[in-house]
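Below, in structure tokens: the form predicted on its own, a single chain.
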Amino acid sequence: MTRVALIAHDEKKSELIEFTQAHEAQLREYDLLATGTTGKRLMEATDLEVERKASGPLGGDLMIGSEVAEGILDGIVFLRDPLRAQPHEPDISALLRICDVHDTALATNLASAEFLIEGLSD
């Protein structure tokens, strides 16, 4: 089964929820995981099952990155807030880098998220 991570910074969580609701039928076909608060909010807003990792600042981004390194994650939708500094910026950079190293699909905005979700369905 296709495995996809869903991550959003606080200022982007509502956008990810709307995206997830709009693509709920497609996402139901995937094995989903998310960082802590994002996963909680997604499960509250949809009928999707989401495996929750730790919150991003508490290591959740690194936990998702380890799945990329293990080769068990097919893609990540990571709606980042590019206008605010994040206290766990080194973890975010590590996640982006490991996606590049392992050629794992990574969407960091809604336009690329559309392509990622549709592309994984083929």
Ligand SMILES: O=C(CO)COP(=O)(O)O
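Predicted, not measured: the structure shown is a model, and the values here were computed from it. Numbering starts at 1 and runs along the sequence shown.
What comes next is about the form predicted together with this ligand, which does not appear here.
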property	result
Contact segment among 8 to 16, 110 to 118, 97 to 105, 21 to 29, judged by heavy atoms lying within 4.5 Å of this ligand in the predicted complex	8 to 16
Distance check, residue 66 to this ligand in the predicted complex, heavy atom within 4.5 Å	no
Residue contact check: residue 37 to this ligand in the predicted complex, 4.5 Å heavy atom	yes
Contact test in the predicted complex: residue 45 vs this ligand, heavy atoms, 4.5 Å	no
Any non-hydrogen atom of residue 92 within 4.5 angstroms of this ligand in the predicted complex	yes
This ligand in the predicted complex - contacting residues of 52 to 78, heavy atom within 4.5 Å	55, 56, 57, 61, 78
